[in-house]
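There is one chain below, alone, in structure tokens, taken in the form predicted alone.
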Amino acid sequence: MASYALFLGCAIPNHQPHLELAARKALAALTVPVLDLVGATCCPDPVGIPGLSHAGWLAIAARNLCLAEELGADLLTLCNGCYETLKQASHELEDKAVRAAVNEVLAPLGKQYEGKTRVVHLVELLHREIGPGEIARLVKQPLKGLRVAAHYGCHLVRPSEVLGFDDPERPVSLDELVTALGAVSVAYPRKMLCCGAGVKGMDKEQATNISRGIAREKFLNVKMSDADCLVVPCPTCMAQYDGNQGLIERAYGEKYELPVFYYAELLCLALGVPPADLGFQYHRVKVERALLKVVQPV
């Protein structure tokens, strides 16, 4: 198996280190060779930064890609936004003229991008390169009886012509990784609806209301499916659904009480990592009720 340089992005180290903890424990349990990517910066953000300076966005992304190249490793992301940025950048840098222009910017930093490293999302690694069947074989604590609603997020499968991972309208990868753990992946309406977090970058008051309304629709649809929890592959979606759930409940006078897991957390549980060794105390929405179905409470 190839070695992977772990790109943490901004949100996880600054706000959600428990997601890194779960990812590292899961990767170690699966014996995936992981290298630290020293000196990495923001990916940068795939939505706002390109609108300010596409050339600057591309140069920053290329520098991050160079760090993985220097390690002779593929670049592994734990975040959908980082995945889209770095894969989109590597796609654009296939153009020789674009690459030459970016390398002129990187030259004073002693960097030169050569296009030798792949960009891989954690879900892509688990689904394509390890496979649901192998994960199911390694499961020690099946999550039987747990009903899970899978949320893919926008930047894991779109733009599909660049990312080339799963069907952008009807993806199956995360669902299959959920069922590999012994859980049930439940169907629910408007599954590919955005979490709404990215909308908040616009006009503050109106955008906040729109963002909350989008998330509210997701909560109501997931609750309708009688799911025990929501699972996400992205720290931004995690922040929206877990971190902001209480705010959205208060805004609409409703109660969802829907636990939210990062996929690596469920994977760790199924691989036999004790709940106390994960960072569930940092979740805003308590997870004990969901865990009671499959493991001892934290």
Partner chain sequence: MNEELELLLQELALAEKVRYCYQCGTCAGGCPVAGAEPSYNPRRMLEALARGEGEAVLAADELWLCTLCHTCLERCPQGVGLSHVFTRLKEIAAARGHLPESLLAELQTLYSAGRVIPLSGPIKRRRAQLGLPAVDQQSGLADLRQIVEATSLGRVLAAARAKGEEKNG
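In this text, all values refer to a predicted model and were calculated from it rather than measured experimentally. Residue numbers count along the first chain shown, from 1.
As for the form predicted together with its partner chain, it is not shown, yet the points below apply to it.
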Using a 4.5 Å heavy atom cut-off, which stretch among 155-163, 117-125, 219-227, 173-181 contacts its partner chain in the predicted bound form?
-> 155-163
Could you check which residue among V102, C79, L86, V148 gets a heavy atom within 4.5 Å of its partner chain in the predicted bound form?
-> V102
4.5 Å heavy atom contact, R250 and its partner chain in the predicted bound form | no
Any non-hydrogen atom of G198 within 4.5 angstroms of its partner chain in the predicted bound form = yes
Can you check whether E69 is within 4.5 Å of its partner chain in the predicted bound form, heavy atom basis?
-> no
Report yes if any heavy atom of I60 sits within 4.5 Å of a heavy atom of its partner chain in the predicted bound form; otherwise report no.
-> yes
Going by heavy atoms, what in 78-114 lies within 4.5 angstroms of its partner chain in the predicted bound form?
-> E84, Q88, E92, A97, V98, A101, V102, E104, V105, L106, P108, L109, K111
